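Before any questions on how it binds or moves, here is one chain, the form predicted alone, in structure tokens.
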């Protein structure tokens, strides 16, 4: 028997509010399935299951505030699965360019679905590989399955359809709003009247996505926007105060010649369609990740008075939110991704972050954070480390500067890269090796 517990979605999180269950007792779940939505001080996060098996009991009602580590549900582990799953190391993270909407997955490839969606598909006889998902990140929703089943069952029309006469609007007594707990909470936060929202869920139920879509037609009220910004600023303030109080920072910077990288990037992008072109920020992310793999002392956590290396290079990317504040979800194994994969992942991550659709695994384990304020006109940034991480890398804007190469003076595109290091884990010599590795990698972009 395994217990599904409230996860730590950042070192500044001591509790979270369970907003919504996406499973029911008796459902079969697989490792990585999204089973619940949890509200933190920064965002509503989709939480994955870390074991496979059958849901036995849901121990907490939606709307309940639950401490980190407290049991939320019990799961009978599938054969071959461990009874308990070790906790994921927690590290909260610290604006890349605004991304394009994530690409839709091609038909024939089934994205992540919830157990309830798989059960509904089985009941309706729907092949999930033939369904195009319209949910976050291309996930298949209940409405997608229902539409696919209805389309498959509908007979071909024998005559042009005629529009039915308009129905009289229902009275308030006739209208019974059906909405998920998360949808009701979002509606209250965004000032959306549920009676005006068209539900796309089962039997017309209103989902969180329906509320978000309705909210796009009108911005949040001034009071609501201020309240949400205030909550996030309080959380950020507490974490940053802890960092400056506990972490002995040191700072280094280096101005890097980007002429080889920019020339290589222009040549490569010339042969690509516009939607597939790579932006300079992706080169900086990939080089940062590769440098962290080479100088592994900056990639990990300070825990129990010692340095604990990261299990991989998981870049926390600082993303500014349109309503104020920022979050830094992780791009996992960034050093091993090719540039096109990294570009697509960045687009998707920015879009979902600003739509409030992050997953727990993206918030729980960044090993080093990157903050890029170049698009804000800043020349350099000296950031504050996100504990328990031990380093933060900053990039300013790309600027043309006089630069001498082989004794000849010219004008070259440059960027100032900075490193904020934790002096308990590393010293200036280690930080200098990291910045040197970063610069060397950007001189040979074809190797990225």
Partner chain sequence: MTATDIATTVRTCLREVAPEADLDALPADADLREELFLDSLDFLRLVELLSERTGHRIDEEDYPHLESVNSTVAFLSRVG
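Residue numbers count along the first chain shown, from 1. Keep in mind the model is a prediction, meaning the values are calculated, not measured.
We do not show the form predicted in complex with the partner chain, though everything after this point is about it.
Trainee: So, residue 279 and the partner chain: in the predicted bound form, are they within 4.5 Å at any heavy atom pair?
Mentor: Yes, residue 279 is a contact residue.
Trainee: So, in the predicted bound form, is residue 375 in contact with the partner chain at a 4.5 angstroms heavy atom limit?
Mentor: So residue 375 counts as contacting the partner chain.
Trainee: Is residue 322 close enough to the partner chain in the predicted bound form to count, meaning some heavy atom within 4.5 Å?
Mentor: So residue 322 counts as contacting the partner chain.
Trainee: Is there any non-hydrogen atom of residue 352 lying within 4.5 Å of the partner chain in the predicted bound form?
Mentor: No - in the predicted bound form, heavy atoms of residue 352 and the partner chain never come within 4.5 Å of each other.
Trainee: Taking the partner as it appears in the predicted bound form, which of 269 to 277, 237 to 245, 328 to 336, 294 to 302 has residues with heavy atoms within 4.5 Å of the partner chain?
Mentor: Contact-bearing stretch, as computed: 269 to 277.
Trainee: State the residue from 359, 347, 147, 185 whose non-hydrogen atoms include one within 4.5 Å of the partner chain in the predicted bound form.
Mentor: Only one option qualifies, and that one is 347.
Trainee: In the predicted bound form, which of the listed residues (343, 287, 206, 73) lies with a heavy atom within 4.5 Å of the partner chain?
Mentor: By the 4.5 Å criterion, the partner-contacting residue is 343.
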